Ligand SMILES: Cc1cc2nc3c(=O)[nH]c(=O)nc-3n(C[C@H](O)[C@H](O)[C@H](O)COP(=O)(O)OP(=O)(O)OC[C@H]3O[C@@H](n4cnc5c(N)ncnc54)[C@H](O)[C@@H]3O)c2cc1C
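A lone chain, given as structure tokens: the form predicted alone.
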């Protein structure tokens, strides 16, 4: 497999509405064949009169090396700001500048294992390529999808196609079990004899999933959703505190060292700060 990111002049193949989200398919020659589960792309947004300085980063939902037009990547987004609204309003054959694949992907088990995949809202997008890769290795795959409401779920039909079991939770009970994804994990861990849990979604959900996994001695990997301004490790806007194998906390970049981390290594309670015991943290004046 080719390695390293590329910058290409992509082209919109389609934009379609999926529940509360937009599903965008982009022709991105050379990028699709480099994608591994957990990678993301950074897209330039805006045109000659509305372009923004910073790109927008999105997890890769699917990558197809070959198609009618060539290699494509698919992303899912929620149009809640000028950049994402611009992307959701693109039409077929519109040009979009694409950099990718970026980031450190999920680590896959060497031997067949029982894997539980947990997604929150459209954050579940990268789980489906991951599920395919795990199944190719002979792994058992169980999926839990959660959201505030039925409209904000993503990928339920996909999950039913690829998983041994699918559990859906919604905060309001409009679909599946009323409650949070962590409510159903202990029973699923026991039933599926889960070896490892992979999670994508909002940071509070990742923190809760990592906590449950640790309590049940299940290994976990989480794909964090920190804001990534450059996506290539230059701007340092996406740093967060992570504990290394040596027990030392370091401020690391989500876009290059992540976005996938071992769940127990992320200091979720200190995200957004520089803990005083972190390597290189500013020290008090001592007065």
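Positions refer to the first chain, counted from 1. For clarity, every value in this text was computed on a predicted model and none was experimentally measured.
Just so it is clear, the following notes concern the form predicted together with the named molecule, a form of the same protein that is not shown.
A heavy atom within 4.5 Å of the named molecule in the predicted bound form is found for one listed residue only; from 211, 71, 83, 176, this is 83.
Think of it this way: in the predicted bound form, the named molecule has a heavy atom of just one of 134, 163, 76, 196 within 4.5 Å, and the residue is 76.
Partner proximity in the predicted bound form, defined as non-hydrogen atoms within 4.5 angstroms of the named molecule, places exactly one of 214-222, 58-66, 241-249, 29-37 at the interface: 58-66. The named molecule is not drawn, but in the predicted bound form it has a heavy atom within 4.5 Å of residue 122. If you take 152-167 and check each residue for a heavy atom within 4.5 Å of the named molecule in the predicted bound form, you get nothing at all.
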